[in-house]
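First come two forms of one protein chain, each written alone as structure tokens, so that there is a structure 1 and a structure 2.
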Structure 1
């Protein structure tokens, strides 16, 4: 027997592995552009949060029907991976249905189950395609959903349908070959769903059937390898990053804005509550570019599924303002990728930073200023992304470094400084309300 197919297979596997490794490394670098932040606390709570949100997809069930459909695709994906393991081992060893002899009866059941999921995946993907392209759900068509993000979403659905089709038709051809007693095709019988496809192949000659079966097999496995590479370039990275992303998400009440300890020090000195020391002042207050954000915020950006639930719930966006929390995440990711590409071209960090920045070139002041800090985006996100934390860090840059806050806010700042209230009332009038207590 010729070893050529096996050699070819291992070669394909290695090439795919190489590309995935390179790309993963790239994304790692992009995330590590962010500032360090250690998260070691509340481990069991984090684990629980991750299990519920990433594994159990709890928030997807905010819309139960979509939740179920998404779950089918996800479960199908997980379960079919077991089948991929067999395919890979078959490919390497040159065997066919390697697991069949060991599993006996159970093997058919297993394949039947895979087929059930394959059919489920096809049906849901078709519904999702219709929802996106025919029903045109607004959140899939808003401003930031330009060509690539829209194409990305559709491609993956078509891709999954094709993969599942080849899986099912491969089984159908296989069953016929078994019934004809062709050598190499292990007797495992026909399967629940693919048996209905058999009439399509029944009149084909054995040699063409073998050809089709092999073709489907190769297409299926190469497709999956291609898919694995593809997702690292796509919003579908969330199938992996949803896990760390939910694990590292903040467990604090959503209203709490993290304290800037570097500011506390200076304020305490100013109020005479602490002594000045000579530790260096921070490089920058707030965030102008991706390097001013922390790595969790950048991981957030790579985990974004571009689903737009955040934007669909954003009061600013709903009322026609430019702000879209999804765009904030997409911009952050795009800028981080650009940053690493330029680093790889040998540019110095300072040079990259001086040419462009996240705030200014990607995200505008108009967007940042429209946020009401209402947390609707944070609440809506199925994978615990926090667009608001990036918005707030940029606001800090605008206020404390650029000194570019809207005039009305400067007035508020002034009043706070002189009258300890956002309005210009004399502080001595603060208790005047008491006159109303005994007035009916």
Structure 2
């Protein structure tokens, strides 16, 4: 019976590991729905970009106060994981405060530091809840932020407050049990912040106190395991995906729009700059569904923090247009998940494509055509997500496959094709205005 808690702990750890593995594999399948794209260039520059944006949270400090609050939650998450390592090892070995004998006085300083971040996380999460639900910041209340997205954002904040409360109250109960000389509780003294909670537990009997300390310990660690599963279903997946997402982000100047390789090849052949070969024609120009996008674009969708900075900076959205870059990313992610679920149900790829598509069923023509291609959304994103690349690929499908562009655009396209300019006159007349100037 003395090993029962350890057996239960290892069982819980294994169950959590199984569900995390299953979900990570699902997300991996969704991202790999995209086309292959090789990114092997400028490795040192990419590493620096990742360290600055994902690890250093550089863009969050565009607004210093919000940046500091976000950093407290982020740093608290990273540092408290060291404490979680001890709890996991305690759970497996049946020990209590396993690191204390090895670290000596440094152990108390470490726990004090963890408690400092725990209090910081609680304060910051309360402020973020007030910003979302009392002050009602507009970007948190736009059309796509209803039901699950709004609930998800609140749940995660409440979850973090609860976890930090049980961490602090567990330490408070532990300190009292130490002072009573209860066996199993290592003498490490009281800690900076949890000591102020001790009056709440001071009058409890020892047996009740041991029960609460154990309850808080189990709740804290099971909560963290549950949290680890939950974030794979949540927008907080960016905690992990922000790193590869920033590494593989485009390092080209923001205004540069890449040419389509297939079209470039045809133009070169037409101009006699390249020879025709036997390579097959592309399946589709542009993107109608998630399988027409590349894997980096799909990873972008799963990395989205749903913070709404892209939409808040989008001139089309600000002037009342239907376009929201955040919704583009959320729709792409939702469609990729639906696609994988149907594959797992045994449906063929062509059957899934015939029933629904990203363009038409999730993203509308009105949204796509409202984009000004200004790159404000790309510039605003704290983790280098690029909604514009998806918008452009869908637009290319609309123009080159569906032939559904507005008449005004079609006139321009025809002029470009026949006159090599947006206007309807031949290239030979392009400099006629010079003669008029000379005449004057």
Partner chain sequence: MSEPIKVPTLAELQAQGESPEIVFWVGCAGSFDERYKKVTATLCKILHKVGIKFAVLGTEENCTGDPARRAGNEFLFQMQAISNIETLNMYGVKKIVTACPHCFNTLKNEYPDLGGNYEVIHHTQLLQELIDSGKLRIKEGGPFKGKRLTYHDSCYLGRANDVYEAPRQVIESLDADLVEMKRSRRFGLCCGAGGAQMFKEPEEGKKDINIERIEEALETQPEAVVANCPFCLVMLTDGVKNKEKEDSIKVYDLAELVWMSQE
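Computed from a predicted structure; not experimentally measured. What we label the rigid core is the largest C-alpha set whose atoms superpose within 1.5 Å from one form to the other. Positions refer to the first chain, counted from 1.
Undergrad: Any idea which of the pair is the form predicted on its own?
TA: Only structure 2 matches the form predicted on its own.
Undergrad: So, does residue 22 move by 2 Å or more at the CA between structure 1 and structure 2, with the core held fixed?
TA: False for residue 22: its C-alpha shift is below 2 Å.
Undergrad: Relative to the superposed rigid core, does residue 420 relocate between structure 1 and structure 2 - that is, does its Cα move 2 Å or more?
TA: Residue 420 C-alpha, core-superposed: shift of 2 Å or more.
Undergrad: Taking the rigid core as fixed, quantify in angstrom how much the C-alpha of residue 432 shifts between structure 1 and structure 2.
TA: Here the C-alpha difference is 3.9 Å.
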